[in-house]
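First come two forms of one protein chain, each written alone as structure tokens, so that there is a structure 1 and a structure 2.
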Structure 1
Amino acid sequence: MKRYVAAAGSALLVALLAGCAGAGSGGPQQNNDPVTPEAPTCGTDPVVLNAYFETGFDLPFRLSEEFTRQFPNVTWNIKQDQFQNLINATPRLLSGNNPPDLIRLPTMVSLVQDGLLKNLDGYAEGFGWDKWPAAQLSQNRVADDGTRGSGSLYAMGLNYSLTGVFYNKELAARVGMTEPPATVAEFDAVLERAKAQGILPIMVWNASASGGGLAFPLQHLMAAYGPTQPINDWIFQKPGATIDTPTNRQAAEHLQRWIEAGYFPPDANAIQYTDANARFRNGEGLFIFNGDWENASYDEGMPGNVGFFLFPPLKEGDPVAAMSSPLTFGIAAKAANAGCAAFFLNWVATNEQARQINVTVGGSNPGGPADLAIPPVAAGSVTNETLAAGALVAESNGAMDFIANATGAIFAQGWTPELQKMVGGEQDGAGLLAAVQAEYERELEQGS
């Protein structure tokens, strides 16, 4: 209760201070042209940025502290919430009386369609974001027809995550894995050897509260069996897109063989995300499919004993792929300090200090202009391996969004229950994809 009173008080403060922000922006109003290039600053007058961050992720908090150190006139009013709660609350926060200047966005299409998010095209042109590697911004673009991947820009990434396979070096040595597998067949062989030696091949989480973590190995298998473009089309809701393709079916059947071979823990359906990571750090499981946001926790929990590789292709030397998505932040359409917030987003990607914090704390690629070098990382950190892998994925143009993000409820209503059924022996590869596709079409139809 106190928190809300405090929030209301600071809301008033923000309202009083509104108007000071973005004073240096402006420029002549151009009629009939919605895009006005703008590169505002935070000025010199006091500004309070009103922000919503995700609980449990240090990076935005550390960046905000550094930002205030460099620009002392800017202070922060930060509220935080669990990701799941943010999903529920975002529409109301954005449409409320005190809309945030900066907010961690779980999804965006519906928010854009309701006119709740600020169109960032003007800032993109003003700050030159549109000259950065296009792949960075494409996931944050929403077209007029509601498909993602192209159109106007509505959010920016604080950094760009990457997924793949983390491995326990000690266990890898025990099963004779001297270098990362180069093909899916080699990966299979390692799994088989581990199982034969009584080592759990793959740790995974698959409980409903965390969502079906088996979607990670499944999507990596999909990208090994087939091209990534149809997968992205499906996630971005391109008309006629389907997840139930012949190569995806092969991938789902491959996953089913892993499950039947006992390569995952028998209690997978009851394992939460945090438990899976804790058990992996404690030496249970040779592999875990996860993303570079866990780098710091693995480095700390199993120092020097954790490695990373990209999931291999079917044939050696074929293009590699990975899930990669921006740590998305948006600006409310009615934000009081939109200009200052945009300046912050630009600063995160281009300031040397900010990029260093980004890599050290966040563990992911800070993005930004192509000619900026990635800041140095402590020797022996697994972040070195994930950053190097990220370059390979960019080279192969193999970045995908997550299949869990295709629609608001596709994870909770589609992937998670169907993958759990597969673990319980009640679903097969073909059935899994058909069921998820049906759920996808139901949601799109009801949501349209």
Structure 2
Amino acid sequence: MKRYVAAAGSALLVALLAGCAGAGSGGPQQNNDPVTPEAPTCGTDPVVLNAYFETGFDLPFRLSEEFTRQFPNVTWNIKQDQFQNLINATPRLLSGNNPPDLIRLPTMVSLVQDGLLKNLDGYAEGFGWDKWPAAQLSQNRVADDGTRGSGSLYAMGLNYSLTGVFYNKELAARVGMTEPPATVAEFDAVLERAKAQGILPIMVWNASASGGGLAFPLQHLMAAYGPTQPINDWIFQKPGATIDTPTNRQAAEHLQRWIEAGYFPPDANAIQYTDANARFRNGEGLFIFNGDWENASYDEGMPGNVGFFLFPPLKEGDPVAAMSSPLTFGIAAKAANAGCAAFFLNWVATNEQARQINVTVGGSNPGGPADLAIPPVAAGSVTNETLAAGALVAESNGAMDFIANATGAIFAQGWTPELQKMVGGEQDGAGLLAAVQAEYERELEQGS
């Protein structure tokens, strides 16, 4: 959830050092918890914020530039890496002698348990974050038993992203798609027509370096075939949760049928995330499953020719669902400038210019207090469609975290290799879920 979602947003694409994942025992360490409410500023003396950002996403860089413009005493020392590499290194970075003040985080539990992330409860009370809509903060909470979704706050979102299906309007017209499909069956029919006309139905990335992008359509299929709560329970490591359910097997088998029908590029396992987006912008692929963080890129690369819709349910009129989660950033427990980093996180959600950047560049809801209006969006931008879709997901209570975020290594050791095997004809739907569930349980046991 690039983003991965990432992702998702980036929304999206993970790995972790062996032995650092899992729910563990003994609960999160509390030795660095703030004991009183705090609403710090960055002061007036020179401050250098040490940050780790994800390669390929402009939003954090644009926000940091605007922050320095407004607060000239604050400059940045920014390092960046691909999501998978960054997350691999996160435990080492957070435990080092010069840990980042601010770092992109897709997974949190093991980092919290090891005492590597700062507890933000004091900041939440001081800045008033605890009065914002609860759903904004829930995915970044970790309870004493190591499950996510409740407990103390250990991260914040730079925005709140949404995934779905982007489409090339010109190619859609060629295959007779005059409006978004209302059911999975209608979506399948469009895929079949595109294939018959020599149009690639779905562009995707599935290379190891970027992580298995086929997890995006798979999770949307899961939400179409069954309820979202069991998916979130599994991601949040609720006791007894499993991803290997009857409806999820149906979804995985449906994805397998798409692969066997040739609806994805034959070189999917060699395609990285940035390459997939470039190829889609250049007209290769009717659809791409991705997140709203790509709105600006698509609007610029294919102006007037890109649309978006939520993946449809099995039956017309059933509730819609989507991966919708924060672009999560945390503060190192030993950060030298933790207060200034927290001030930045509050500024991102409440400052007028920052919120406008979030919508224009990030393409996502900036979150923040419920009474703040969403900044205006240019007419014709696909962001108008993703923001409207987000309201539908909220109305149906259909928001999901990304299945790659369940444990630190589940994307690298579970989803990605098994999805690659499916592309290679070496894995089926039932085997995929069984293998991922086994990896999930291994990681939880390893952390206990």
Partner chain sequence: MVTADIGVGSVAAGRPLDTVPSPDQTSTTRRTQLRRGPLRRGARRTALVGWLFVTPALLMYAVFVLQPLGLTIQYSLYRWNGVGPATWVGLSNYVTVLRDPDLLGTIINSFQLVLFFSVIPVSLGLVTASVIHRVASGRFGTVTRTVLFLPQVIPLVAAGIIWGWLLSLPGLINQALTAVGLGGVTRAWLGDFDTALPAVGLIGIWVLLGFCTVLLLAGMTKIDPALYESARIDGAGWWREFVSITLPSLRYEIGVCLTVTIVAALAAFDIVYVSTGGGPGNSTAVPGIQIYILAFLERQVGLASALAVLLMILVLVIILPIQRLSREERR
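The shown structure was predicted, so the numbers you read here are calculated from the model rather than taken from an experiment. Counting starts at 1 with the first residue of structure 1 and goes up one by one along its sequence. Basically, rigid core = biggest C-alpha set you can superpose within 1.5 Å across the two forms.
**Q** Looking at the two shown chains, say which is the form predicted together with the partner chain.
**A** If we ask which form is the one predicted together with the partner chain, the answer is structure 1.
**Q** Could you find the option in T274, E395, V377, A182 that lands on the hinge when one rigid part rotates against the other between structures 1 and 2?
**A** Only one option sits at the hinge, namely V377.
**Q** Please state how many degrees the smaller rigid part turns against the larger between structures 1 and 2.
**A** Domain rotation angle comes out at 13 degrees.
**Q** Report, in Å with one decimal, the C-alpha displacement of V74 between structures 1 and 2 after core superposition.
**A** That residue's C-alpha is offset by 5.7 Å.
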